[in-house]
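Listed next as structure tokens is one chain, alone, in the form predicted alone.
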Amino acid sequence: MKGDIGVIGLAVMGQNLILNMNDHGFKVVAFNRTVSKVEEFLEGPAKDTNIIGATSLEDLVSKLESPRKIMLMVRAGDVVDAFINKLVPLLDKGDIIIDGGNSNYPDTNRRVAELEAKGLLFVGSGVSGGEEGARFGPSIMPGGSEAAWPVIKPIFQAISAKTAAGEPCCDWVGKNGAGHFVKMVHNGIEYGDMQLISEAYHFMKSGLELSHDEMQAILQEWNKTELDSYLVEITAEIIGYKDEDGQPLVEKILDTAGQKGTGKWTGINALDLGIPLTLITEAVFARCVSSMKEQRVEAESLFGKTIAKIDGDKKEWVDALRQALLASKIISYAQGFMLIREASEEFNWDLNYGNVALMWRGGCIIRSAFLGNIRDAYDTNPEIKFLGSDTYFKDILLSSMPAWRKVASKAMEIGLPMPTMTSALTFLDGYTTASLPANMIQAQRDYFGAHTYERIDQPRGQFFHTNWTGTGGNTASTTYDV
């Protein structure tokens, strides 16, 4: 009996996905570039399963049912292209190659076009949930050649995480690189969530001077509220974890955060598409600042920097912080969906935003209780441009505003950096202000560069130029080409 699907790449994610597929009754053929790893896998974690090993790509292809389905779980970039180039001559029309790594979506666009021209199908699929998710149910975000979806759907939806109602956290996202784009934004929101929670931890530890036991208890309580999420849950466990000497392990970890690029890509695409993704880009920059450890140590001494203690009722401050965190988290997701919407319209992907929220409801790193509310918001109004306009989220943002401002103001006052929490508040202030000072910017641009401006007393789309100095001339920059 031949295999249902082949998987190339036996790092932790690849192995766990294969075991997950096997658990759900699918016969998987496993291959790794270092062939010895195949034997190790079959004699170790895959022992006594129906998983089949392959000794070469030719062997892998020969052991698969048609149409062949081959999933690459390898490092993004040139490695993916190298495997595709080796596989193409071995495959027949209608066979499917799936990239399950964190590839940049323009690469997926290119691969879809190249393989479809050769009669093959290509799927770029985001997979989120880490090792545990891959093993027991990840969030899966497939996009690419639409003809591939009916073929891979039974496998992907079987192995994916499920909501409480039993819905699979996997659905077709859209054509070309849509799946990898949505996964990229997922990772950007993940950056934002992690930074927001870290700022709340910093506020409690350095501002309120709470013990680790107190902070753990607070986070556990928060996880019973609208903040119920995977990241809040694991943060509580991290804070409570003791090293061998009985001290909190987290305080022995160097404060320099790494990154692999998806947060940066999210920020770059937001700039390209003109979407104010302020919170997520601040989260990326916060990691950049964290990497400057030696400079920060020197600068703290140079500036005599200290963080003042916060006075007042600690319980009141903790509740204010909870509200500020919740409101900021809503802005993070709202900005992420603004970016997804803009990309969908720009690239004609026709994405279903409620389905995206559903795919993130379970299995993935950013799974949160209120993703169900996001889905409801889009079910009620698929055209909603800003999630904060939905009644549920608007009510939370409005009721949290006093506490949010209180926390942000106090952080500024005592010198405690909260770049994402404060940028989220600033974004909402800007987004909800009908008249911004950008009129001055347009006047400045017209003054020094003759870039023209629109007038509030004239219809939109009419542009004007003023000879501000009397010596600058009346020709606008838009009317000539140099």
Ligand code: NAP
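Only a predicted model underlies this, so the values are computations on that prediction, with no experimental measurement involved. In this text, residue numbers run from 1 along the sequence as written.
Another form, the form predicted in complex with this ligand, is not on view; read the next lines as being about it.
Colleague: Are all three residues Phe386, Thr426 and Ala434 in contact with this ligand in the predicted bound form, where contact means a non-hydrogen atom within 4.5 Å?
Modeller: Checked in the predicted bound form: no contact with this ligand for any of the three.
Colleague: Picking from 290 to 298, 160 to 168, 346 to 354, 126 to 134, which part of the chain touches this ligand in the predicted bound form when contact means heavy atoms within 4.5 Å?
Modeller: Among the candidates, contact is made by 126 to 134.
Colleague: Examine Gly177 and determine whether its closest non-hydrogen atom to this ligand in the predicted bound form is within 4.5 angstroms.
Modeller: So Gly177 does not count as contacting this ligand.
Colleague: Would Lys305 count as touching this ligand in the predicted bound form under a 4.5 Å heavy atom rule?
Modeller: Lys305: no contact with this ligand in the predicted bound form.
Colleague: Applying a 4.5 Å heavy atom distance criterion, does Lys37 contact this ligand in the predicted bound form?
Modeller: Result yes; Lys37 sits at the interface with this ligand in the predicted bound form.
Colleague: Whether Asn104 contacts this ligand in the predicted bound form should be assessed with a 4.5 Å heavy atom distance threshold; does it?
Modeller: No - in the predicted bound form, heavy atoms of Asn104 and this ligand never come within 4.5 Å of each other.
Colleague: Though this ligand is not shown, can you say which of Met338, Met73, Ile96, Leu227 has a heavy atom within 4.5 Å of it in the predicted bound form?
Modeller: The residue in contact is Met73.
Colleague: Going through 79 to 110 from first to last, which residues have a non-hydrogen atom within 4.5 Å of this ligand in the predicted bound form?
Modeller: Stretch hits, in order: Val79, Phe83, Gly100, Gly101, Asn102.
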